[in-house]
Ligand code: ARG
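In the block that follows, a single chain appears as structure tokens, in the form predicted alone.
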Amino acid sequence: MSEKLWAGRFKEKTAKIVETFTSSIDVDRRLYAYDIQGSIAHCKTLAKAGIISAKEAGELAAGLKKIKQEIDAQTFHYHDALEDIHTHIESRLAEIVGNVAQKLHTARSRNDQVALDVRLYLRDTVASIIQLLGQLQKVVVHVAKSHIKTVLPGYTHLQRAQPVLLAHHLMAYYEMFARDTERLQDCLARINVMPLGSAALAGTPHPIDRKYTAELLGFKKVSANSMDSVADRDFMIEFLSAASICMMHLSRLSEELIIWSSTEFSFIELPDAFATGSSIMPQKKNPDVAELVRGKTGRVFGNLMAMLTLMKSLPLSYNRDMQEDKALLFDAADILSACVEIIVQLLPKIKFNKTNMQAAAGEGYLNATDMADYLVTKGMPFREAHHCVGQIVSYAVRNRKEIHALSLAELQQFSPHIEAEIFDFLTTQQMIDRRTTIGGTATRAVKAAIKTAEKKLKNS
């Protein structure tokens, strides 16, 4: 069937350039399985309502399944003249089952059909990404657990600040990815709403049971307003927002891997299988995987902004502008899935240079805050202690020494409260293990955080 499904109103054939310009088949063909799934459910709903016979519903369902087999086998033929995957399937169905195919579109429109297909696609995609994020969280926890004794500097403003456990640092990303998972799980509640039966915008006069259709397709809710049903893309925007936040987290991790792998830091060594070389400089080992994750983040952000811009001025209900939504959605979902998956593979293979990390944690006056805290335990107000230690740091800098390398006599120039015990107080391990509050970097606290995470992941 080469004639347009809507050709009855028109006297002229659509111009070839218009067919090419308006065609979306290159983008939306990936929805074919969902379109067929939705159409089979619609057949059953029409039969239940007595609109078509059980025999006709069976013929239609069999024809739709045959089309899926053809598309799966890549023997299906596509044409720009047929605009989109929905028209392709309906046209091919007519070739297989004859005139009964013309009854399939009763009580539905292309508008609610598209909305259904995208919701089915996104429901599966989000579930898949949640599963990938679960794997990523497990990897992060596993790597953290193996580095419970590894120490490195914690940073603020990219300046060495205080020593922390590498496990604590990594568990910060576990928390980020856990929130990403929660956001996507919450997003599913708004995705899992069944729009079919809303028709073009006003609903349908045919006595179909929309709740029955929802049950067949596994939807928990039926959309409440037919105009909103076909005009709503909030669920896609919400996904793109959650995807953007997750990509931001992946980008931050990638940035640290890039910095840490540099000669200036030398905190990690990336596996050869996840790095590339230079076409001109033989010595180079480039962190291309991490750089690409960081770079692809911008595309996902852009897709979110494009979708918001696409929808911001559209009057109710459906507008053809919305054809552009799927390219943005598919691109973001593909990128997020690929980035999570490659980080899952990369993280366990990274070699952490414990010696370099430990050495960096012992330099740069990282024990200054602890010295101020020590003076507080001696009764000195914190602000006064902060000022006193600032003077000690200034003296140490002038003399090119670390605080713990100063003599007791030198330290006592600044405060009589300082006693010989200060040197034990300022060791890296002591500084770490004193931070025992929930969420702190003390070994005991980090072990507890890992145990909690393992229990949560086991039960998820």
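These numbers come from a predicted model, not from an experiment. The first residue of the sequence shown is number 1, and the count goes up from there.
Keep in mind that the form predicted in complex with the ligand is missing from the display, and what follows is about it.
Peer 1: Going by a heavy atom distance of 4.5 Å, is Tyr318 a contact of the ligand in the predicted complex?
Peer 2: Judged by the heavy-atom cut-off of 4.5 Å, Tyr318 is in contact with the ligand in the predicted complex.
Peer 1: According to a 4.5 angstroms non-hydrogen atom cut-off, is Thr125 in contact with the ligand in the predicted complex?
Peer 2: Judged by the heavy-atom cut-off of 4.5 Å, Thr125 is well away from the ligand in the predicted complex.
Peer 1: Glu59 versus the ligand, in the predicted complex: is there a non-hydrogen atom within 4.5 Å?
Peer 2: Outside the cut-off, so no.
Peer 1: Even though the partner isn't displayed, in the predicted complex is Ser254 close enough to the ligand, meaning a heavy atom within 4.5 Å?
Peer 2: No - in the predicted complex, heavy atoms of Ser254 and the ligand never come within 4.5 Å of each other.
Peer 1: Could you tell me which one of Glu238, Asp232, Glu90, Asp84 places a heavy atom within 4.5 Å of the ligand in the predicted complex?
Peer 2: Selected residue: Asp84.
Peer 1: Name the single residue among Asn225, Asn353, Gln323, Gln185 that comes within 4.5 Å of the ligand in the predicted complex, judging by heavy atoms.
Peer 2: So the residue touching the ligand in the predicted complex, by this definition, is Gln323.
Peer 1: Picking from 177 to 185, 327 to 335, 277 to 285, 106 to 114, which part of the chain touches the ligand in the predicted complex when contact means heavy atoms within 4.5 Å?
Peer 2: Within 4.5 Å of the partner lies stretch 106 to 114.
Peer 1: Could you run down 14 to 30 and flag each residue that has a heavy atom within 4.5 Å of the ligand in the predicted complex?
Peer 2: The stretch touches the partner through Ser24, Asp28.
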